[in-house]
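Read the single chain below, which is given as structure tokens and is the form predicted alone.
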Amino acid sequence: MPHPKKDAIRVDQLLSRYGYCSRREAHAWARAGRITLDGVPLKDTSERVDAKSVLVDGASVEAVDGLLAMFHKPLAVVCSRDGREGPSVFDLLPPQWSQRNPPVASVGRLDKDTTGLLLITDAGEWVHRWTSPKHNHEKTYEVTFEGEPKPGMVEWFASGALRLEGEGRCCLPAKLVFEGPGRALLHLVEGRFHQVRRMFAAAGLTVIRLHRPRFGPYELGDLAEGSWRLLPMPE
């Protein structure tokens, strides 16, 4: 058997790291012949292997270099793991993803009444990069609202002078485009608590439907509600 690469990992650590089972349970997986290298079952869970060369139950290890996925969040689910808040997006994702070490987290949270694009990743260093305003990852929202827009609302949103109720710091400039009666697109780089709804409320409008079709370079396209798609991890 070829010598493992410098970045090789123990078989039991591999199964635990990528969410298959615990290190204790790995022995049973190995005895059952579920882990193979070049068609040869790996029986010794302390053996060090290249994760990209190993098959588990006949399939390659998923997202060895880090998991990133696009998910179309439906209504009435939350981005929290706290069961007291209701059904979670993590209930709709493969259970193995939450067993990875570290587990996956959502990037760019959406509230329970908002649909649209979430990024799901186990790469913690990217969470801050995708959510920090200084990195200018623009998010687009489709807004359906009630009420009559105020004159100058587009300019007000773009000015950087809009201050949300209860906050001392103004919102960063945002691009508002009205698409028809009661419909608008809002492009912004922040992600404050209920920000879109509160911005429209500041203008006397009530948001009745909110959907995010785009986050940075990623667009939902035809991805069905409740579905996900694995993406390449950025460099």
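Keep in mind it's a predicted model, so treat the numbers as computed, not measured. Numbers for residues come from their place in the sequence shown, where the first is 1.
The protein also exists as the form predicted in complex with ligand URA; that form is not presented, and the subsequent description refers to it.
Within 4.5 Å of ligand URA in the predicted bound form, a heavy atom is found for not a single one of Thr131, Val189 and Phe215.
None of 94-102, 81-89, 149-157, 108-116 except one has non-hydrogen atoms within 4.5 angstroms of ligand URA in the predicted bound form; the exception is 108-116. Residue-level contacts in the predicted bound form: of His194, Arg48, Lys43, Arg209, one residue has a heavy atom within 4.5 Å of ligand URA, and it is His194. Shown alone here, Phe145 lies farther than 4.5 Å from ligand URA in the predicted bound form, counting heavy atoms only.
Although the partner is absent here, Tyr141 sits close enough that one of its heavy atoms falls within 4.5 Å of ligand URA in the predicted bound form.
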